[in-house]
Structure formats: C-alpha cells, structure tokens
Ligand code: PD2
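Only one chain comes next, encoded as structure tokens, the form predicted on its own.
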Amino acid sequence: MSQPISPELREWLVAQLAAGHSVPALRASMRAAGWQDSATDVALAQLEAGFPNVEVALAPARTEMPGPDLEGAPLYIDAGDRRIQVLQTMRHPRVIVFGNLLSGEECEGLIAAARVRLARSLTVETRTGGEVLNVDRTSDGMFFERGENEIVARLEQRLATLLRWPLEYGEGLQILRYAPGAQYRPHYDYFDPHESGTPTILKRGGQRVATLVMYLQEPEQGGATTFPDVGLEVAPVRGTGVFFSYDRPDPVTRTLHGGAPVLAGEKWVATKWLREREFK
C-alpha cells in the first residue's frame, strides 16, 4: 500500500461521517479520486481505531457461504449428474470459473424455452423495492420459476450440489440475450443496505451472497464478464460459468462486475443468484 494516510484525509473522513455520509459512499468517493482499495480500507480502519465513537466498521462478514469444495485443488468436481471442471480460481474477490457446467443440449433447451418470453431486462430498484428499466442494462430477459421444467430442475439440483447451498435458497433462473451492442455496465449484485427499499427486498430471502453466470451461447466477438477492480475478464464460452461470492454487502468484496458489449453475434446467459436463506 503506497498511498499515505494524511491527517487531512482523516479529518475529511470524520467530517463526512458527521455530515451523515455512509461508509460505502466514502469508499466510492475515494475510489473515484484514485485511491486504491487497500489504502481506503486502511484509512477507514485507522479512523475506527482513533475515533471509537464513530461507527465506521465494515458490515460483518458471513462465515457460512456457498461454494464448491476445493480442498486438495481438484481439477474436477462431482456435481451428482455431471463432472464439472475447475478452470480458474481467485481468492479476493472469490471467483471460480467452471467448465462443462452444461451440455449443448441443455443450453439449446433453455434458449428455446426462454425465447418466446423475452422482454427488456429490468433491474431491482433498491430505493423502492420494485423493478425498473436501467440504461446500463441493454439485454432482453426472462425468469423461470424454480423447477419450472425438467432442464431447469436438473440444473438447479446440480448447482445446489456443486455449490453446497440449499436449492430453496436460490432465486429463479434468469435467461438473458445480448444482441450486438448490448451490455451491462459494472455493478454489484448485493442489495445496498442503505437504500430505503432494501428491507422490502430482503423479506423474500435475505441478502444475495453469490452469483453464477452460465454461458448458453457464445458471441462471435466481445461479451466477456469483467471484474474492473481486479482486471479480470472471463470469456463467454458456451457451457462454462463464472461463480463469485460476496460475504457482505460492501464494495470491499471487490465484486464489481459487468457484461462487456457484444461486438458481433449474440450472447445468451443463464444467471443464478443465491440468497442467505429460503427465497420465496
């Protein structure tokens, strides 16, 4: 960490907190100003130590999280009905790229069942707890109910086994189609605890704790899943998937991610979000 924490910075942080600004807002401001995440965390930790009456501690991290058993660095994992490859792992953020996650027939079946129900994709509106159109998200999509058809039910059971997380804790499977030029600009998947609509959203199953993006059809060019904080890009190869988890609803998880613009062809993905308890 090469950025010094000056007295002026500490004074500014205290003043901003006293004015009612949240820690996530301060972290975002510091990132926009060019501060490294590690330096930002040190500054906030020093502030907490020096000013114990100022609440700047990070949200507590969950200790029980979804994820595959990677003890022994396996190349393959038995997911019940399918042998899944482990192609890449990262510790922080916690990212795992899986190969052979879906068969070609499963990819085609999901696309065919979803195609007739596509509509412009919405995003969750944390200020109200509802859904809205978002200019940052230019895909078409739809949701399957849990267990809605044979392919969905089979895949959900496979993912529950692979990620060691109860099937009932998963949201319905979302299918998205990205035409040329479509993208999803970088964002977080957890629900901002400081937004007024978040308590309403959390009633259905608590916070999101992990995401799995599965590629059903690869475009000719573009369309990678990007993690800007760590410079990672995952190519959208058919039948593979990228899993990432976030143990607290905070940018410190470094799970900022997006879908890069599709430059040629179409990209189809299936997304599974996991909650901290049963999703109803």
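Keep in mind it's a predicted model, so treat the numbers as computed, not measured. Residue numbers run from 1 along the displayed sequence.
A second form of this protein, the form predicted in complex with the named molecule, is not displayed here; the remarks below concern that form.
Partner contacts here mean any heavy atom within 4.5 Å of the named molecule in the predicted complex, and among 177-185, 154-162, 107-115, 71-79 they occur only in 177-185. Heavy atoms of Gly265 never reach within 4.5 Å of the named molecule in the predicted complex, leaving it off the interface. Within 4.5 Å of some heavy atom of the named molecule in the predicted complex lies at least one heavy atom of Thr271. Though the partner is left out of this view, Thr225 does reach within 4.5 Å of the named molecule in the predicted complex, counting heavy atoms only.
Contact check for Pro24: every heavy atom lies farther than 4.5 Å from the named molecule in the predicted complex.
If you take 70-92 and check each residue for a heavy atom within 4.5 Å of the named molecule in the predicted complex, you get nothing at all.
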